[in-house]
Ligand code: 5AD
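Below you will find one chain, with nothing else, as structure tokens; this is the form predicted alone, and questions on how it binds or moves follow later.
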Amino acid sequence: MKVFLQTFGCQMNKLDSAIIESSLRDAGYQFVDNAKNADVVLLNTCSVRDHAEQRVMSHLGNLKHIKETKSDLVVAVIGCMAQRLGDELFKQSAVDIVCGPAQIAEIPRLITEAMQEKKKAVAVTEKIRQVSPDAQLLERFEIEYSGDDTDIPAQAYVRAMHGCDKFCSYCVVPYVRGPETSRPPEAIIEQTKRLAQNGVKQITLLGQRINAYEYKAGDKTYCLADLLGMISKIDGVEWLKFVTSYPSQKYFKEIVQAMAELPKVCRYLHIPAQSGSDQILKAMNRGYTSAEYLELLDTARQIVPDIAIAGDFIVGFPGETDEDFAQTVDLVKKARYKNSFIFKYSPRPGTIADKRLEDNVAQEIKERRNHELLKVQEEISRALAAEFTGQTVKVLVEGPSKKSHQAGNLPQLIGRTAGDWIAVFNGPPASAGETPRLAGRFANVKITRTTPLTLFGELF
């Protein structure tokens, strides 16, 4: 049977998709790159922003037309949107299966039953803030993942935590991913060893609040710093990253100290601020002030002077004034991120902000603030990138650039540095047969020019 799998949203969804794909391949399914050629279509969805859900609805509209001439096609909506909407999704006539994140281990069974019994099925957690009864099944499903189908050669995600307990007022994640639960260190180590044995060189640990990782075993309480130290001892793992960090003092110094002391831990920190206004941070229920946030960045840079830091921001949050936005601009200038992910606020049903706050910032103001903040960040990124000119950087090669062109027989390749900078460079001559073998390997690249988001260079 042929499967088309499309993923929307964050790294957590990408990991879920990779695990599902690995499991279905083991069961004999073949994956195709077009829904029209598939017997099964899986849409792994995101609910963090309304735009992400609207994209899924658009795809379901297209799939409805395909099913008019291909009635046996099985369509599954999985992930956060499935958990949030449940059987409401059956109002979309194309949908046969609805499956939440905690039930992804049931996907092979649900597909088989949908094909054989020709009936719709829903598998979501009714009381998501309770630990899922499928936790043990999900753990077995996860730990068997070996990374054979990793989209990017030699890189793999490993989940360290499930869920989130922060309840930021704008965020739907706690309601669709459930409570924070840290996986046992031995399970993470076992999975990472399997990945390393299969040739994975870079591991990225995932968690909605990865720096809150905490697992108690007897008299010992493991934190993320302990986990980084344990994974650093695994042969084959050369780079180790973790995302996403929440601005909190707990374990922060220990984690940054581990980054400074462990050569395999990449000096990269993704730590969203969301706003530079204390008034807006309070309304967001973020639990810190802008001064406390900047103090964390100062601590990180004192311990790891060459650390690369990325941030997230929401503009146009309810009640955000021009002064609030000016404070956000000021924070971005002080933080000097390598890059920032900037989004316009959109209400998410069921969240505190949606229930209690009026979405009272006009769309054109959101657009203007989004554009202005992006421009501020672009100038900072441009200056930081320019500092690499003339330097030679170590890059883990991902493969051909999506915008690849060839100069003669020199293919253009893309990779990332330990600090998560994108690097584009000309590979060896195609006639030498080296290009496929460079994917998934490290290369030294001398940087010759830069843009705000990309380093360009030559193999060195």
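Fair warning: this is a prediction, and the values are worked out from it, not measured in the lab. The first residue of the sequence shown is number 1, and the count goes up from there.
Although it is not shown, the form predicted in complex with this ligand is what the next lines describe.
*Asks:* For the chain shown here without its partner, which stretch in 33-41, 418-426, 390-398, 47-55 has non-hydrogen atoms within 4.5 angstroms of this ligand in the predicted bound form?
*Replies:* It is the stretch 47-55.
*Asks:* Look up in the predicted bound form whether K282 has a non-hydrogen atom within 4.5 angstroms of this ligand, and give yes or no.
*Replies:* Close contact is absent here: in the predicted bound form, K282 is far from this ligand, nothing within 4.5 Å, heavy atoms only.
*Asks:* Could you tell me if Q191 has a non-hydrogen atom within 4.5 Å of this ligand in the predicted bound form?
*Replies:* No.
*Asks:* So, in the predicted bound form, is Y268 in contact with this ligand at a 4.5 angstroms heavy atom limit?
*Replies:* No, no contact at 4.5 Å.
*Asks:* Does Y251 reach this ligand in the predicted bound form, with heavy atoms at most 4.5 Å apart?
*Replies:* The answer is no: Y251 has no heavy atom within 4.5 Å of this ligand.
*Asks:* Which of these residues, E88, E139, D312, E214, gets a heavy atom within 4.5 Å of this ligand in the predicted bound form?
*Replies:* For this set of options, the contacting one is D312.
*Asks:* Which residue, P272, P153, G147, P185, is the contact with this ligand in the predicted bound form, using a 4.5 Å heavy atom cutoff?
*Replies:* Partner contact (heavy atom, 4.5 Å) among the options: P272.
*Asks:* Check each residue of 172-197 against this ligand in the predicted bound form and list those with a heavy atom within 4.5 Å, in sequence order.
*Replies:* Result: empty, none.
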